[in-house]
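What follows is one chain in structure tokens, specifically the form predicted alone.
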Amino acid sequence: MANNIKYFIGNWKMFGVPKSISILDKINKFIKSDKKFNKKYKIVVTPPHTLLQSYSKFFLKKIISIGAQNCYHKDNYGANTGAISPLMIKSVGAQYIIVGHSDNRSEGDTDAMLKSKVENSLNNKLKVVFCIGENKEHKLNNKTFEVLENQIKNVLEEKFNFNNIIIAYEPIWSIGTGQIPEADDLLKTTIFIKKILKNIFKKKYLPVVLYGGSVDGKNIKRFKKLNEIDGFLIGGASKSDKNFIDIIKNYYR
């Protein structure tokens, strides 16, 4: 059984200036005009921190929601040059936040730091998109499930507000490579992740698990029959209104 809402979350990474809002405006207008689009689909875009306030204000009462790509592992204020806390992110209008992306893990984010980021983000009423994923070596050595279970259990705790946590499974070997998992493998992995999450949070309803990694307007059709997948975390393709719209419409049409 799958969840009713499907998410399309765009991660702009290090991209975007104020005028880039026209990309999102075109996406928003398309969604608003397309009669086949309905409330079962949730669109979120995470621009860089420099654009959070202006974009959040512009899309406050529109279809698209705005989120942040990362935060500092300490909350409130402090003497941490260049750092941005969950409190500061929430204060400018963001509703979502990505935590644990492989880019940030490779730059030094530890499990302890990620746990703090998740907890502080939840305390500030942000919806957390928590990223997990194995690298190519893990995959070749059949350690995918072991790695994913450790990434989940080392960070997420039963005390966290499960309603505001979304898991994004992003195999590192797939990001930006054009390679995507075989359908059967992805289905088994998604089911495994949901089982681990249900054991941690002890909830009867299913957790939300997205897929991310080289998603585009063509291969999105391959995911349509995998109802267990609750949406997608989209990288490069989300920086183009045409490419992002193609992904959305090719999925639900």
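Numbers follow the displayed sequence, beginning with 1. It should be emphasised that the depicted structure is a prediction, and the values quoted were computed from it without experimental measurement.
Not pictured, yet referred to below: the form predicted in complex with a small molecule.
message: For the interface check, one of 206-214, 220-228, 23-31, 51-59 should have non-hydrogen atoms within 4.5 Å of the small molecule in the model of the complex; which one?
response: Going by heavy atoms within 4.5 Å, the stretch is 206-214.
task: Note which of Val147, Leu114, Ile175, Leu87 lies within 4.5 Å of the small molecule in the model of the complex, where distance is taken over heavy atoms; exactly one does.
output: None of the other options qualify; the answer is Ile175.
- request: Decide whether Glu134 counts as a contact residue for the small molecule in the model of the complex under a heavy atom distance cut-off of 4.5 Å.
  value: No, no contact at 4.5 Å.
field: Contact of Lys13 with the small molecule in the model of the complex (heavy atom, 4.5 Å)
entry: Yes.
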